[in-house]
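Listed next as C-alpha coordinates is one chain, alone, in the form predicted on its own.
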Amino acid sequence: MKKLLDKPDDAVRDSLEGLAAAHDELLTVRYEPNMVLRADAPLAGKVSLVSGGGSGHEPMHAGFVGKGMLDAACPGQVFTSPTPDQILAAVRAVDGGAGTLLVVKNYTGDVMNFEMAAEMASESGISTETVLVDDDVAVRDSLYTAGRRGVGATVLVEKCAGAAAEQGRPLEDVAAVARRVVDNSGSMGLALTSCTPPSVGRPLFELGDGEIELGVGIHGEPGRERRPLAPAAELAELLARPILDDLGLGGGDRVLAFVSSLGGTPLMELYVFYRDLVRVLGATGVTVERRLVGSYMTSLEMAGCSVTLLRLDDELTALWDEPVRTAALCWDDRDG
(Lines give C-alpha, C1' and ligand atoms only; values in the text may rest on other atoms or scores of the structure.)
Protein backbone atom coordinates (compact mmCIF):
# COMPACT_ATOMS: atom_id res chain seq x y z
CA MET A 1 0.00 0.00 0.00
CA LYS A 2 1.05 3.61 -0.56
CA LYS A 3 -0.03 6.00 2.20
CA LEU A 4 1.34 9.17 3.79
CA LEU A 5 2.11 7.65 7.16
CA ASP A 6 5.00 7.28 9.57
CA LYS A 7 4.07 4.11 11.41
CA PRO A 8 0.80 2.42 10.38
CA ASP A 9 0.01 1.43 13.97
CA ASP A 10 0.29 5.08 15.06
CA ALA A 11 -1.88 6.51 12.28
CA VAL A 12 -4.82 7.55 14.48
CA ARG A 13 -2.68 9.22 17.17
CA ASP A 14 -0.53 10.96 14.56
CA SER A 15 -3.62 12.20 12.70
CA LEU A 16 -5.13 13.60 15.90
CA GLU A 17 -1.90 15.45 16.65
CA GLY A 18 -2.06 16.97 13.17
CA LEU A 19 -5.72 17.92 13.64
CA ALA A 20 -4.86 19.67 16.89
CA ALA A 21 -2.01 21.58 15.28
CA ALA A 22 -4.17 22.67 12.33
CA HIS A 23 -7.25 23.75 14.31
CA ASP A 24 -6.12 24.73 17.80
CA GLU A 25 -8.46 27.74 17.77
CA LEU A 26 -11.49 25.44 17.42
CA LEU A 27 -10.70 22.30 19.36
CA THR A 28 -8.53 20.57 21.92
CA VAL A 29 -7.29 17.00 21.61
CA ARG A 30 -6.66 14.81 24.63
CA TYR A 31 -5.02 11.41 24.59
CA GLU A 32 -5.24 8.22 26.64
CA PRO A 33 -8.10 8.05 26.02
CA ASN A 34 -8.37 9.85 22.70
CA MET A 35 -11.00 12.59 22.54
CA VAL A 36 -11.53 15.78 20.57
CA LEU A 37 -13.18 18.60 22.55
CA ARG A 38 -14.63 21.95 21.63
CA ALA A 39 -12.02 24.54 22.64
CA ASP A 40 -14.40 26.49 24.87
CA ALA A 41 -16.07 23.46 26.49
CA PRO A 42 -17.68 22.94 28.87
CA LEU A 43 -20.34 25.62 28.35
CA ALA A 44 -22.44 26.11 31.47
CA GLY A 45 -26.16 25.52 30.91
CA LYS A 46 -25.76 24.20 27.37
CA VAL A 47 -26.72 20.70 26.27
CA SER A 48 -23.55 18.97 25.07
CA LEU A 49 -23.42 16.77 21.96
CA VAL A 50 -21.06 13.80 21.96
CA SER A 51 -20.54 11.37 19.12
CA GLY A 52 -17.81 9.12 17.84
CA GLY A 53 -16.89 5.96 16.02
CA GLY A 54 -14.04 4.28 14.27
CA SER A 55 -11.42 6.43 12.58
CA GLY A 56 -11.09 6.28 8.80
CA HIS A 57 -14.28 8.24 8.04
CA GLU A 58 -12.73 11.70 8.34
CA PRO A 59 -13.80 14.39 8.81
CA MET A 60 -16.52 12.42 10.66
CA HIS A 61 -16.61 12.91 13.67
CA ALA A 62 -13.70 15.01 14.91
CA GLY A 63 -14.00 17.50 12.06
CA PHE A 64 -17.46 18.45 13.31
CA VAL A 65 -16.41 19.53 16.80
CA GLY A 66 -17.05 23.21 17.42
CA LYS A 67 -19.70 25.90 17.65
CA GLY A 68 -23.05 24.72 16.32
CA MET A 69 -22.21 21.00 16.16
CA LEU A 70 -20.41 18.60 18.50
CA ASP A 71 -18.90 19.38 21.87
CA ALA A 72 -16.84 16.19 21.80
CA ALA A 73 -15.91 13.35 19.45
CA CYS A 74 -14.46 9.98 20.44
CA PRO A 75 -12.24 8.49 17.70
CA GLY A 76 -11.66 4.75 17.92
CA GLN A 77 -9.01 2.90 15.98
CA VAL A 78 -9.65 2.52 12.24
CA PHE A 79 -13.14 1.06 11.74
CA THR A 80 -13.26 0.20 15.47
CA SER A 81 -15.73 1.57 18.04
CA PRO A 82 -14.53 3.86 20.83
CA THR A 83 -14.55 2.27 24.27
CA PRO A 84 -17.13 2.99 27.00
CA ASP A 85 -14.47 4.56 29.24
CA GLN A 86 -13.36 6.78 26.37
CA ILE A 87 -16.94 7.95 25.71
CA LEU A 88 -17.60 8.55 29.40
CA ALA A 89 -14.42 10.63 29.72
CA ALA A 90 -15.57 12.80 26.82
CA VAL A 91 -19.07 13.22 28.29
CA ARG A 92 -17.58 14.34 31.60
CA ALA A 93 -15.12 16.70 29.93
CA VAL A 94 -17.85 18.71 28.15
CA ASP A 95 -20.65 18.46 30.72
CA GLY A 96 -22.19 21.90 31.25
CA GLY A 97 -24.90 20.71 33.61
CA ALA A 98 -27.75 20.57 31.06
CA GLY A 99 -27.31 16.96 29.97
CA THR A 100 -25.70 15.26 26.99
CA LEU A 101 -27.07 14.04 23.67
CA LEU A 102 -25.24 10.96 22.39
CA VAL A 103 -25.38 10.62 18.60
CA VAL A 104 -24.72 6.98 17.72
CA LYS A 105 -24.42 5.36 14.29
CA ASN A 106 -26.16 2.00 14.20
CA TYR A 107 -23.24 -0.41 14.39
CA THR A 108 -23.25 -3.13 17.02
CA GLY A 109 -20.04 -2.06 18.75
CA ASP A 110 -20.98 1.62 18.81
CA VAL A 111 -24.46 0.91 20.15
CA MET A 112 -23.17 -1.36 22.94
CA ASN A 113 -20.32 0.93 24.01
CA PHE A 114 -22.36 4.15 23.97
CA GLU A 115 -25.11 2.38 25.95
CA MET A 116 -22.61 1.37 28.62
CA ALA A 117 -21.18 4.90 28.72
CA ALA A 118 -24.69 6.37 29.11
CA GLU A 119 -25.34 4.09 32.08
CA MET A 120 -22.07 5.13 33.71
CA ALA A 121 -22.81 8.82 33.04
CA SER A 122 -26.20 8.45 34.71
CA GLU A 123 -24.58 6.88 37.75
CA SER A 124 -22.32 9.93 38.02
CA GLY A 125 -25.26 12.34 37.80
CA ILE A 126 -25.13 13.32 34.11
CA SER A 127 -28.42 12.94 32.27
CA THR A 128 -28.22 11.65 28.70
CA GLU A 129 -30.40 11.00 25.69
CA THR A 130 -29.30 8.70 22.88
CA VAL A 131 -30.27 9.09 19.24
CA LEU A 132 -29.56 6.14 16.94
CA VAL A 133 -28.86 7.01 13.30
CA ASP A 134 -29.97 4.25 10.89
CA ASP A 135 -30.46 5.94 7.53
CA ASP A 136 -28.84 3.49 5.07
CA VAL A 137 -31.67 2.11 2.92
CA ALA A 138 -29.45 -0.32 1.00
CA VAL A 139 -29.79 -3.34 3.29
CA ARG A 140 -31.91 -4.16 6.33
CA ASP A 141 -29.15 -6.00 8.24
CA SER A 142 -25.41 -6.14 7.58
CA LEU A 143 -22.23 -7.73 8.88
CA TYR A 144 -22.01 -5.14 11.67
CA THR A 145 -25.61 -4.19 12.42
CA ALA A 146 -29.00 -5.35 13.51
CA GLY A 147 -31.15 -3.12 11.35
CA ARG A 148 -30.01 -0.40 8.99
CA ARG A 149 -26.55 1.13 9.13
CA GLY A 150 -25.92 4.71 10.22
CA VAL A 151 -24.17 6.77 7.55
CA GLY A 152 -24.49 10.22 5.97
CA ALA A 153 -27.49 11.43 7.96
CA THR A 154 -25.17 11.53 10.99
CA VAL A 155 -23.67 14.77 9.64
CA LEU A 156 -27.13 16.31 9.32
CA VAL A 157 -28.18 15.15 12.79
CA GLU A 158 -25.08 16.68 14.34
CA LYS A 159 -25.62 19.97 12.50
CA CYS A 160 -29.34 20.44 13.23
CA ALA A 161 -29.23 19.13 16.81
CA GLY A 162 -26.05 21.12 17.42
CA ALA A 163 -27.82 24.29 16.31
CA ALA A 164 -30.72 23.54 18.64
CA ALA A 165 -28.32 23.06 21.55
CA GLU A 166 -26.54 26.29 20.67
CA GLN A 167 -29.89 28.09 21.00
CA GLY A 168 -30.10 26.93 24.60
CA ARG A 169 -32.90 24.41 24.16
CA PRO A 170 -33.35 21.69 26.81
CA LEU A 171 -32.09 18.17 26.29
CA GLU A 172 -35.47 16.67 25.36
CA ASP A 173 -35.96 19.30 22.63
CA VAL A 174 -32.47 18.79 21.20
CA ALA A 175 -33.04 15.02 21.14
CA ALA A 176 -36.41 15.51 19.43
CA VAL A 177 -34.76 17.53 16.65
CA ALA A 178 -32.15 14.81 16.17
CA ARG A 179 -34.81 12.11 15.93
CA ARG A 180 -36.79 14.12 13.37
CA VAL A 181 -33.70 14.32 11.19
CA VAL A 182 -33.21 10.55 11.45
CA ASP A 183 -36.88 9.85 10.72
CA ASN A 184 -36.80 12.03 7.61
CA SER A 185 -33.46 10.93 6.15
CA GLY A 186 -32.29 8.16 3.87
CA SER A 187 -28.90 7.31 2.39
CA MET A 188 -27.26 4.95 -0.07
CA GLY A 189 -23.73 4.66 -1.43
CA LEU A 190 -21.73 3.02 -4.18
CA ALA A 191 -18.10 1.94 -4.37
CA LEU A 192 -15.84 2.08 -7.40
CA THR A 193 -12.90 0.60 -5.46
CA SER A 194 -12.17 -0.90 -2.09
CA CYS A 195 -10.06 0.73 0.63
CA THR A 196 -6.98 -0.38 2.58
CA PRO A 197 -6.85 0.06 6.39
CA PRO A 198 -3.28 0.94 7.43
CA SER A 199 -2.94 -1.96 9.86
CA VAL A 200 -4.25 -4.47 7.29
CA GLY A 201 -2.12 -3.42 4.35
CA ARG A 202 -4.42 -4.85 1.67
CA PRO A 203 -7.83 -3.98 0.21
CA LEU A 204 -10.85 -5.15 2.20
CA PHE A 205 -12.51 -6.54 -0.93
CA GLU A 206 -11.91 -6.79 -4.65
CA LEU A 207 -13.89 -5.20 -7.47
CA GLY A 208 -13.30 -6.23 -11.04
CA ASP A 209 -12.46 -3.77 -13.78
CA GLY A 210 -15.63 -1.98 -14.76
CA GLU A 211 -17.53 -3.26 -11.71
CA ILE A 212 -19.19 -1.34 -8.86
CA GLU A 213 -20.71 -2.28 -5.50
CA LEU A 214 -24.15 -0.74 -5.11
CA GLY A 215 -25.20 -0.06 -1.51
CA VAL A 216 -21.75 -0.67 -0.03
CA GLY A 217 -21.17 0.02 3.68
CA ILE A 218 -18.61 2.49 4.97
CA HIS A 219 -16.50 -0.36 6.37
CA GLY A 220 -16.53 -2.24 3.09
CA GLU A 221 -19.59 -4.33 3.98
CA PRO A 222 -21.39 -5.86 1.01
CA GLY A 223 -24.22 -3.87 -0.49
CA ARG A 224 -27.24 -4.81 -2.58
CA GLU A 225 -25.45 -6.03 -5.67
CA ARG A 226 -22.45 -5.79 -7.94
CA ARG A 227 -23.09 -4.49 -11.41
CA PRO A 228 -21.23 -2.94 -14.34
CA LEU A 229 -20.09 0.67 -14.13
CA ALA A 230 -22.57 3.01 -15.81
CA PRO A 231 -22.80 6.75 -16.57
CA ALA A 232 -23.26 9.02 -13.56
CA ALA A 233 -26.83 9.84 -14.57
CA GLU A 234 -27.82 6.17 -14.33
CA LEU A 235 -25.99 5.71 -11.03
CA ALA A 236 -27.67 8.79 -9.55
CA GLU A 237 -31.03 7.22 -10.37
CA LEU A 238 -29.95 3.91 -8.79
CA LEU A 239 -29.01 5.63 -5.54
CA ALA A 240 -31.84 8.16 -5.38
CA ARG A 241 -34.78 5.91 -6.23
CA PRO A 242 -34.57 3.63 -3.15
CA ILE A 243 -34.29 6.70 -0.90
CA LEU A 244 -37.26 8.42 -2.53
CA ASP A 245 -39.32 5.26 -2.15
CA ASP A 246 -38.25 4.69 1.46
CA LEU A 247 -39.15 8.23 2.53
CA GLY A 248 -42.21 8.51 0.30
CA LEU A 249 -40.84 11.68 -1.28
CA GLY A 250 -42.71 13.20 -4.18
CA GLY A 251 -44.20 16.33 -5.66
CA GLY A 252 -44.10 19.30 -3.30
CA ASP A 253 -41.47 17.90 -0.95
CA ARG A 254 -38.39 19.96 -0.11
CA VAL A 255 -35.07 18.28 0.65
CA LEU A 256 -31.51 18.80 1.62
CA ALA A 257 -29.44 16.84 -0.92
CA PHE A 258 -26.09 15.66 0.41
CA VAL A 259 -23.46 14.01 -1.81
CA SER A 260 -20.30 12.84 -0.07
CA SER A 261 -17.16 11.34 -1.52
CA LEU A 262 -16.20 8.06 0.08
CA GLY A 263 -12.65 9.38 0.16
CA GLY A 264 -11.14 8.81 -3.27
CA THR A 265 -13.56 10.56 -5.62
CA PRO A 266 -12.67 14.16 -6.55
CA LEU A 267 -14.99 17.17 -6.50
CA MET A 268 -15.16 17.30 -10.29
CA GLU A 269 -16.90 13.93 -10.34
CA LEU A 270 -19.04 14.76 -7.30
CA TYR A 271 -20.40 17.83 -9.07
CA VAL A 272 -21.22 15.77 -12.15
CA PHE A 273 -23.04 13.33 -9.90
CA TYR A 274 -24.84 16.12 -8.00
CA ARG A 275 -26.02 17.66 -11.26
CA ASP A 276 -27.50 14.33 -12.29
CA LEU A 277 -29.05 13.81 -8.85
CA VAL A 278 -30.81 17.17 -9.04
CA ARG A 279 -32.27 16.16 -12.41
CA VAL A 280 -33.56 12.89 -10.96
CA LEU A 281 -35.17 14.70 -8.04
CA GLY A 282 -36.65 17.38 -10.25
CA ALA A 283 -38.28 14.76 -12.45
CA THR A 284 -40.17 13.48 -9.37
CA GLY A 285 -41.28 16.95 -8.29
CA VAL A 286 -38.87 17.14 -5.33
CA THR A 287 -37.27 20.54 -4.75
CA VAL A 288 -33.66 20.76 -3.56
CA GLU A 289 -33.75 23.59 -1.04
CA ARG A 290 -30.39 23.01 0.63
CA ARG A 291 -27.34 21.06 -0.46
CA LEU A 292 -23.95 19.80 0.69
CA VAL A 293 -21.31 18.37 -1.66
CA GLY A 294 -17.81 17.25 -0.66
CA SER A 295 -15.87 14.80 1.50
CA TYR A 296 -17.72 14.56 4.81
CA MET A 297 -18.39 10.85 5.49
CA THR A 298 -15.60 8.78 3.98
CA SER A 299 -14.11 5.30 4.02
CA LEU A 300 -10.36 5.93 3.88
CA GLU A 301 -9.41 6.17 0.17
CA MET A 302 -12.41 4.29 -1.23
CA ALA A 303 -13.54 5.70 -4.58
CA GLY A 304 -17.27 6.22 -4.83
CA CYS A 305 -19.93 8.38 -3.24
CA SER A 306 -23.03 8.37 -1.08
CA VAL A 307 -26.32 10.23 -1.37
CA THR A 308 -28.36 11.39 1.63
CA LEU A 309 -31.73 13.09 1.35
CA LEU A 310 -33.38 14.90 4.25
CA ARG A 311 -37.02 15.95 4.00
CA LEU A 312 -37.04 19.56 5.17
CA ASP A 313 -39.58 21.62 7.05
CA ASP A 314 -39.24 25.25 8.12
CA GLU A 315 -37.63 24.44 11.47
CA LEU A 316 -35.06 21.98 10.13
CA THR A 317 -34.17 24.41 7.34
CA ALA A 318 -33.65 27.20 9.86
CA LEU A 319 -31.51 24.98 12.07
CA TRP A 320 -29.38 23.94 9.09
CA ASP A 321 -28.84 27.62 8.27
CA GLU A 322 -27.70 28.52 11.79
CA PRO A 323 -24.01 29.52 12.09
CA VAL A 324 -21.47 26.75 12.50
CA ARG A 325 -17.71 26.81 13.03
CA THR A 326 -15.87 23.52 12.88
CA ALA A 327 -12.83 22.25 11.01
CA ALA A 328 -14.95 20.64 8.28
CA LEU A 329 -18.14 22.75 8.20
CA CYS A 330 -18.12 26.49 8.67
CA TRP A 331 -20.48 29.37 7.84
CA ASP A 332 -21.82 32.49 9.54
CA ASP A 333 -25.28 32.25 8.01
CA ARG A 334 -26.90 30.68 5.01
CA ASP A 335 -29.77 31.51 2.73
CA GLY A 336 -29.67 28.30 0.68
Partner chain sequence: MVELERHGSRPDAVDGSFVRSWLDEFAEEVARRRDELTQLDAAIGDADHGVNLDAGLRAVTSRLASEGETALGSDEKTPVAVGSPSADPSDSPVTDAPSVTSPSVGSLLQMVGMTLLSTVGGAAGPLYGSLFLKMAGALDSDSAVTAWEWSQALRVGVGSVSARGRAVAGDKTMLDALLPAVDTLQQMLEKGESLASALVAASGAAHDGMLATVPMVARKGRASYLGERSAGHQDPGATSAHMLVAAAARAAGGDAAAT
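No experiment lies behind these values; they were computed from the predicted model shown. Residue numbers count along the first chain shown, from 1.
What follows is about the form predicted together with its partner chain, which we do not show.
**Student:** With its partner chain left out of view, which of 234, 85, 245, 206 would have a heavy atom within 4.5 Å of it in the predicted complex?
**Tutor:** Flagged contact: 85.
**Student:** In the predicted complex, which of the listed residues (261, 81, 128, 193) lies with a heavy atom within 4.5 Å of its partner chain?
**Tutor:** Contact residue from the list: 81.
**Student:** Tell me whether 106, 119 and 200, taken together, all sit within 4.5 Å of its partner chain in the predicted complex, counting heavy atoms only.
**Tutor:** Checking in the predicted complex: 106, 119 and 200 are all within 4.5 Å of its partner chain.
**Student:** With its partner chain left out here, work out from 245-253, 96-104, 218-226, 177-185 which stretch has heavy atoms within 4.5 Å of it in the predicted complex.
**Tutor:** Going through the listed ranges, the match is 218-226.
**Student:** So in the predicted complex, is its partner chain close enough to residue 213 to count as touching (4.5 Å, heavy atoms)?
**Tutor:** Residue-level check for residue 213: yes, a contact with its partner chain.
**Student:** How about residue 265: is it within 4.5 Å of its partner chain in the predicted complex, going by heavy atoms?
**Tutor:** Residue-level check for residue 265: no, no contact with its partner chain.
**Student:** Tell me, yes or no, whether residue 230 is in contact with its partner chain in the predicted complex, where a contact means a heavy atom of each within 4.5 Å.
**Tutor:** No, residue 230 stays farther than 4.5 Å from its partner chain in the predicted complex.
**Student:** Is there a heavy atom of residue 171 no more than 4.5 Å from a heavy atom of its partner chain in the predicted complex?
**Tutor:** No, residue 171 is distant from the partner.
**Student:** Along 4-20, which positions have a non-hydrogen atom within 4.5 Å of its partner chain in the predicted complex?
**Tutor:** The stretch does not touch the partner at all.
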